[in-house]
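Single chain ahead, written as structure tokens, the form predicted on its own.
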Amino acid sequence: MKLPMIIVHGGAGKWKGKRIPVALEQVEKAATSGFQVLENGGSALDAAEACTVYMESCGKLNAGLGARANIDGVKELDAMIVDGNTLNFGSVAALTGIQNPVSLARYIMEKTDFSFFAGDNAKRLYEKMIAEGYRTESEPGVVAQSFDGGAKDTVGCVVVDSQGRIAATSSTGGIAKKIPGRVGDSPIMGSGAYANDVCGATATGWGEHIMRVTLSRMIVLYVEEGLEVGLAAKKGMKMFEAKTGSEAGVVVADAKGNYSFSTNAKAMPTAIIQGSINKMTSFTCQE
């Protein structure tokens, strides 16, 4: 049985050996958190949010609590969630004072007429979200993990629920020593993540270069054109490297639960659960 399934990455980059086991532990826990939501009847969106909230809150990955600070010492967060069933998405960028931007991204997608907010005005929406009770806080700026069950670079996941609905996320603190206000690929639809009713993908790496080729959208397009997910992931990364000469990584899954990954970085800690909570595979993707 391939469905439901979740594939999670903790970022692709020049990981130091001693940090890889720590990252693997966190993506395994994140995948478990998301998959428990699926087993309890939650949707792909519910599981994707829960998984990403875990990674934002663990403090061991470059997202949320563990995000890198900019050159002023401030953590500016970017995040996105995509509903492949509807092609709707929500994004936030340059968000400060908030630990879990992915939940705000979902609020934007589901409760506003818009898709993308940045900076102080995004923070105002966060306050509105909490006031309305869409999410609750365990402490100021920290979303309570109210779902059932439950660094080095951008984190993200692709989830396919038992009905074949796909959701994808991306969340990050950005690159080290970034200039305040810099926004990378993570909240950009088609770059940091993309999903439709056929396939979903999420990317990690140097955002300026990922945006140049809309990497996640291209990989999904290759699947739409008939490639199986493994070949699509490899073709996307080959195209990306040829056009940019840069490093990145991607994870991808289609509506039937077929999944794959590809990276040209040193490592990309990844975890997959497919069909049952007891069927987890985790590894450091290296190519």
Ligand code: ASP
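Values in this document were obtained by computation on a predicted structure and should not be read as measured data. Residue indices: 1-based, along the sequence shown.
Form predicted together with this ligand: not shown, discussed below.
Residue 190 falls outside the set of residues with a heavy atom inside 4.5 Å of this ligand in the predicted complex. Heavy atoms of residue 128 never reach within 4.5 Å of this ligand in the predicted complex, leaving it off the interface. Put simply, residue 216 is far from this ligand in the predicted complex: not one heavy atom of it is within 4.5 Å. The closest heavy atom approach of residue 118 to this ligand in the predicted complex falls outside 4.5 Å. In plain terms, the part of the chain that comes close to this ligand in the predicted complex, with a heavy atom within 4.5 Å, is 199-207 out of 136-144, 160-168, 199-207, 104-112. Of the residues 182, 212, 123, 75, just one reaches this ligand in the predicted complex with a heavy atom at 4.5 Å or closer; this is 182.
Checking 260, 26, 32, 62 for any heavy atom within 4.5 Å of this ligand in the predicted complex turns up a single hit: 62. Applying a 4.5 Å heavy atom cutoff to this ligand in the predicted complex picks out 172, 174, 175, 182, 184, 185, 186 from 156-188, in order along the sequence.
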